[in-house]
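Next up is one chain by itself, shown in structure tokens, the form predicted alone.
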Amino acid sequence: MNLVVQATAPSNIALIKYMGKTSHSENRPSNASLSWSLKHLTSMVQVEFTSDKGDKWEPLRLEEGYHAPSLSKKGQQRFLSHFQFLKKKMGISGSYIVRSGNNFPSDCGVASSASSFAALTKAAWALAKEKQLSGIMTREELSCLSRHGSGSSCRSLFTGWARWENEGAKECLYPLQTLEHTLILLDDKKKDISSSEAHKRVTTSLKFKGRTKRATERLAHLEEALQNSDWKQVYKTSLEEFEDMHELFETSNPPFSYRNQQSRDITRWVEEFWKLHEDGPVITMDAGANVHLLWRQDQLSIARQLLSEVTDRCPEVRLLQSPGWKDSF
């Protein structure tokens, strides 16, 4: 019977963004970032030994809740190149079929590359352990390896807050440690401009000058707010940060935009909700049109109110909720 190993990893949403690189080949970031792991949005990777020559990728099938991404030849090569990098690092020989899938749409700004490359890194380590080639590796060590495949994947080795600077990410513990998440899925189509391309283009924006300083200052403000459980400041800092990132996209040369009218409207409605209630969700967006909301667990009633308004105004949207609130709407 062939050896098969399997691993899963969560997507993550950064409140302080990784945008811009000091090294594209090694995925080294221009600034430190801080993210929250989305435990309900996950990727699964299976690795199976094959007697055929050479590694190959296949879509993951027959796993409940998971569907296979449509990987281009370039995407498959990128995934397998990281697997081969991991094999070399861990002393793994032989050829393998690598299968992957997500329980959420890929390539639309929900960090599917982060979760899939993190899951691949964990699967390679599981394979090395099965073959008795590796001892214990810490999550921090796996994070450093995962970064080589996808920068933001280094944060998906953790289950809560993760801070990434330089080599890999580390877990952070703050009083605000138990949160609920809503993904407002506005567009599940593959985005026209990849995140890798966006990292290159933002450097052409006149606003990129000073970006590292702005992000570093916001990170300090955010960490202070999280330590003090200052939810309103977390909201304000996160809003400023993702607006900054999207303005870089929209002022690059040539300019491009991930935001659509609905995502702009929802951002405005959240701001109005905060002004009216002096409370609300933390809002952010990644490199896509979809909107992420983070909530404290005591905010269920206002979450129902706001999300009811959103779905009334945009009846075609889908809401993907974290498990704690999944059956509450």
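None of these values were measured; they are calculated from a predicted model. One rule holds for the numbers: they count along the sequence shown, beginning at 1.
What comes next is about the form predicted in complex with a small molecule, which does not appear here.
Among heavy atoms of S195, some come within 4.5 Å of the small molecule in the predicted bound form. By the criterion of a heavy atom within 4.5 Å, N27 is counted among the residues contacting the small molecule in the predicted bound form. At the 4.5 Å threshold, heavy atoms of A287 reach the small molecule in the predicted bound form. When the small molecule is considered in the predicted bound form, A14 lines it closely, a heavy atom lying within 4.5 Å. Of the residues given (S143, S100, S238, S113), S113 alone sits with a heavy atom within 4.5 Å of the small molecule in the predicted bound form.
Residue in contact with the small molecule in the predicted bound form (any heavy atom within 4.5 Å), chosen from H199, H221, R259, K122: H199. Heavy atoms within 4.5 Å of the small molecule in the predicted bound form map, among the stretches 89-97, 146-154, 122-130, 177-185, onto 146-154 alone.
Relative to the small molecule in the predicted bound form, residues A9, K39 and L226 are all farther than 4.5 Å at every heavy atom.
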